[in-house]
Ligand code: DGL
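So this first bit is one chain, no partners, the form predicted on its own, shown in structure tokens.
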């Protein structure tokens, strides 16, 4: 029967708002609870054990809030903590890697794919393994997968340096760092580029400016939102009614900054926000 419980979404900080935005767009009636771990961002330079610990703590918090599914809107947590959460959590848990890998394999037709992400995500090889499995599932010759870690891109987004338009000092720094990471990737001439971190779509215009509009860019958050909608429809878990869903936000530190930067990205006022620093 229809399920009126909220959808829980979490990320290390602002990046998961790209997934939140896509879910809100295609599921306007669902209630959404978003948690951004702003006290401990970034996750990409932390150990697997630490990321699993953080992911379990946040999932426990969301479950206590009564969510019906958990969306790991963080590629680092998706790559390192997904299996542990699915073993321990009694509700469905979704990540962003599998949907992004499926889309990349589908559009590339076996041609070269580039993936950019945090150090932890790239080190895990989760994307290359998922993409190569999709090539196999589709009966395609194994294409080449290029993976590149871009550790400074998450701090750029969290500091708001790449937001907006124009050529201010902060935005110029962001452009230079994006070019530093992506110029070598572009030389490999990949057919498409997977944004293997949910922070990266926030600076998608800077990334397109480096790789050019001829290279298809895969946003794993968009693909994850579509996957989740299909799941909820199939399982008859969508919320009934036409009333717009409620948004709730929680962070582990500095809600003011999250409200400011997150509001700019979502183009909305973030009003219903709380701070959670103790997960017990």
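This one's a predicted model, so the numbers in the text were calculated from it and none came from an experiment. Numbering follows the first chain given and starts at 1.
Only in words, not in the display: the form predicted in complex with this ligand, which the text now covers.
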**Request:** Given that the partner is absent here, state which listed stretch (104-112, 68-76, 82-90, 137-145) has heavy atoms within 4.5 Å of this ligand in the predicted complex.
**Result:** 68-76
**Option touching this ligand, based on a heavy atom within 4.5 Å in the predicted complex, out of 202, 178, 154, 131** = 154
**Message:** With the partner left out here, check for me: in the predicted complex, does some heavy atom of residue 35 sit within 4.5 Å of this ligand?
**Reply:** no
**Message:** Taking this ligand as it sits in the predicted complex, is residue 44 in contact with it (heavy atom to heavy atom, 4.5 Å or less)?
**Reply:** yes
**Message:** Does any part of residue 197 reach within 4.5 Å of this ligand in the predicted complex? Heavy atoms only, please.
**Reply:** yes
**Prompt:** Considering only 117-135, what residues come within 4.5 Å of this ligand in the predicted complex, judged by heavy atoms?
**Reply:** 118, 121
